[in-house]
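Just the one chain here, laid out as structure tokens, in the form predicted on its own.
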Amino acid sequence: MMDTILKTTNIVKKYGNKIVLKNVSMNIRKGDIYGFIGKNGAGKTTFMRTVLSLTPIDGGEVVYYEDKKIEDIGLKVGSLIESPGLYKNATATENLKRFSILYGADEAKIPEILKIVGLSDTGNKKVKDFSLGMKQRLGIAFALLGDPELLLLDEPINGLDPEGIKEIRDVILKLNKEKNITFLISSHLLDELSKIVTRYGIINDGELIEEIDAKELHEKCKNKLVIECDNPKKAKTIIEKSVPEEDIKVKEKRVEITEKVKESGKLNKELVSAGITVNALYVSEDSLEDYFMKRIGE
């Protein structure tokens, strides 16, 4: 069992009569890259702001390392919420020096941090001339000044081109593997998130409806054999002779088999011999987007 680095219990946040967070209970384990997914407006940013004490909560509890509050752990938690605040007429190094003063951090770490985020070769280039991806990586560099063990990143790849997305992804993986930094990353770009995430939390209309490990989600989305035919109920009785009943589902004019079928051609022949018209037989796999849309009821 991995140690819990962040645990929230029944977090509630209201703005007037509108409940933005509805009893959100989340567990982030040390070493996780936790993908926090939901539509725009689902409550992702508000949740991150509450666990950082940037926004007061109206109910519930936020605990770090089993029994500590955010004010007790100093710079062990870093964040990049929305857009980073940058000195645009300064270089990357000058920006980090200014922020190190604000954070009370050691300036000697700046060259190593710039190397980690891939900005060590920017020299005298001003931040105003940086690409959006470079600015996002500089924002992550700010968060690294305090030697964090947990980083909260709010939509870090939103608006980036494919090259910028890959750069951010590589930085996250490097920090997770080499520095053992745990991540909570919010995003609605599910395909990109799926390339690095170890655990997911799905939020919809302020409610955390599921937490699931990436391996478990992969199992739920694994390949299935789909048979479209004129008599799916009869087809099911025939398929049950070679496939466990719990691995067979009838949906309208098709039968779905989640168990791997080695001889689909033989099965097709058996169905045709039984007088069943097989219109199509193919392998299908749910994407993360498919699963997400089903979970939020759309």
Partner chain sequence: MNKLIKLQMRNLFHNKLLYVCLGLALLLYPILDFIMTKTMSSLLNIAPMKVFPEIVSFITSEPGIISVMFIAIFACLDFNEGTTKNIIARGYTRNELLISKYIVTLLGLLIIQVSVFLVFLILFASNGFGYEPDMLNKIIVGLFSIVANTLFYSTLSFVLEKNSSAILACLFVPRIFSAILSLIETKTKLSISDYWIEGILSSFLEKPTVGNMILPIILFIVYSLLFAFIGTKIMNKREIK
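Residue numbers count along the first chain shown, from 1. Rigid core here is just the name for the largest C-alpha set that superposes within 1.5 Å across the two forms. Just so it is clear, the model here is predicted, and its values are computed rather than measured.
This next part talks about the form predicted together with its partner chain, which is not shown.
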Query raised in the report: Quick one: of 115, 179, 88, 195, which gets a non-hydrogen atom within 4.5 angstroms of its partner chain in the predicted complex?
Result: 88
Report summary line: In this chain shown alone, the residue from 243, 26, 70, 238 with a heavy atom within 4.5 Å of its partner chain in the predicted complex is 70
Query raised in the report: Quick one: which of 206 to 214, 101 to 109, 167 to 175, 186 to 194 gets within 4.5 Å of its partner chain in the predicted complex, going by heavy atoms?
Result: 101 to 109
Query raised in the report: Might residue 49 be said to contact its partner chain in the predicted complex, defining contact as any heavy atom within 4.5 Å?
Result: yes
Requested in this report: May I ask you to check whether residue 160 falls inside a 4.5 Å heavy atom distance of its partner chain in the predicted complex?
Outcome: no
Query raised in the report: Closest heavy atom of residue 200 to its partner chain in the predicted complex, within 4.5 Å or not?
Result: no
Query raised in the report: Are any of the heavy atoms in residue 123 no more than 4.5 Å from a heavy atom of its partner chain in the predicted complex?
Result: no
Query raised in the report: Every residue in 74, 97 and 145 with a non-hydrogen atom within 4.5 Å of its partner chain in the predicted complex?
Result: yes
Query - in the predicted complex: members of 50 to 66 within 4.5 Å of its partner chain, any heavy atom - result: 52, 53, 54, 55, 56
Requested in this report: For residue 91, decide whether the Cα shift between this form and the one not shown is 2 Å or greater, given a superposition on the rigid core.
Outcome: yes
Requested in this report: Answer yes if the CA of residue 106 moves 2 Å or more between this form and the one not shown after aligning the rigid core, and no otherwise.
Outcome: yes
